[in-house]
Ligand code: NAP
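Shown here is one chain on its own, the form predicted alone, set out as structure tokens.
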Amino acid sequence: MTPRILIITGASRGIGAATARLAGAAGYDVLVNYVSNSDAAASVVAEIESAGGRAFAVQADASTAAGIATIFAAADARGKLAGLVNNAGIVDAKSRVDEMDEARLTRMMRTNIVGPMLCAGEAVKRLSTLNGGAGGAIVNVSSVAAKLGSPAEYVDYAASKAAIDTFTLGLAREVAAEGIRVNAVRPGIIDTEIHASGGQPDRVARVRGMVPMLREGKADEVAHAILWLLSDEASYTTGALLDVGGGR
């Protein structure tokens, strides 16, 4: 049987790693993409394999055309693409818009929207029934920030995720008749390392009280939503923006 490859960008930590572990248990051959932390990626692969699943790590920058070519070439060499999770993304230091420079904005948009769009394009080439594919699913990881705007924190990040939402809706309609479903999850405050990477290691504790459920979410809670959207249980769901934000 030809392996069913699921590509997860940015899968060495946080939501990506949690999704990779669940996907391995669900029977996918998981491509664990990472940029620099080889030890973390190897650990995710080892966890999947120790649980009886199959996985392999691929180092590549999913925000560049060259990196994306590396990712998809590795997937093609291992089996047949079944799906894509566009999870790789960044935040930056807390800042007002009038303090942001061109370099920051360019990096934010390249990583959070240009890269995912290029990845999705490569996935469509392989999944579309127009190209001889068998169909499949794409899940984009957005954020509730797309609805809230993140004022005085990171409007640029929120804007990039709003772009992901619009991209999800448009691509879903574009390829719906080609056997491809395209959906997005919008996590809220999730207890992962992304807050510390943006210089706010205390952010979860600081904003917890703003969540109607009065708690942060866990990476696994988002991962379960992603796996549902990838699965045949969501066979009539496309163009959906699924909030996993505790009520925000």
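Quick note: we count residues from 1 along the sequence shown, nothing fancier. Just so we're clear, the structure is a prediction, and the values are computed from it rather than from any experiment.
Beyond the structure shown, there is the form predicted together with the named molecule, which is absent from this document and is the topic of what follows.
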{"property": "Segment assignment from 84 to 92, 174 to 182, 97 to 105, 126 to 134: heavy atom within 4.5 Å of the named molecule in the predicted complex", "result": "84 to 92"}
{"property": "One residue of Ile48, Ala60, Ala223, Ala57 in contact with the named molecule, assessed in the predicted complex (non-hydrogen atom, 4.5 angstroms)", "result": "Ala60"}
{"property": "Thr111 within 4.5 Å of the named molecule in the predicted complex, heavy atoms", "result": "yes"}
{"property": "Val139, heavy atom within 4.5 angstroms of the named molecule in the predicted complex", "result": "no"}
{"property": "Proximity of Ile15 to the named molecule in the predicted complex, heavy atoms at 4.5 Å", "result": "yes"}
{"property": "In the predicted complex, Gly24 touching the named molecule (heavy atom, 4.5 Å)", "result": "no"}
{"property": "The named molecule in the predicted complex - contacting residues of 14 to 53, heavy atom within 4.5 Å", "result": "Gly14, Ile15, Gly16, Asn33, Tyr34, Val35, Ser36, Asn37"}
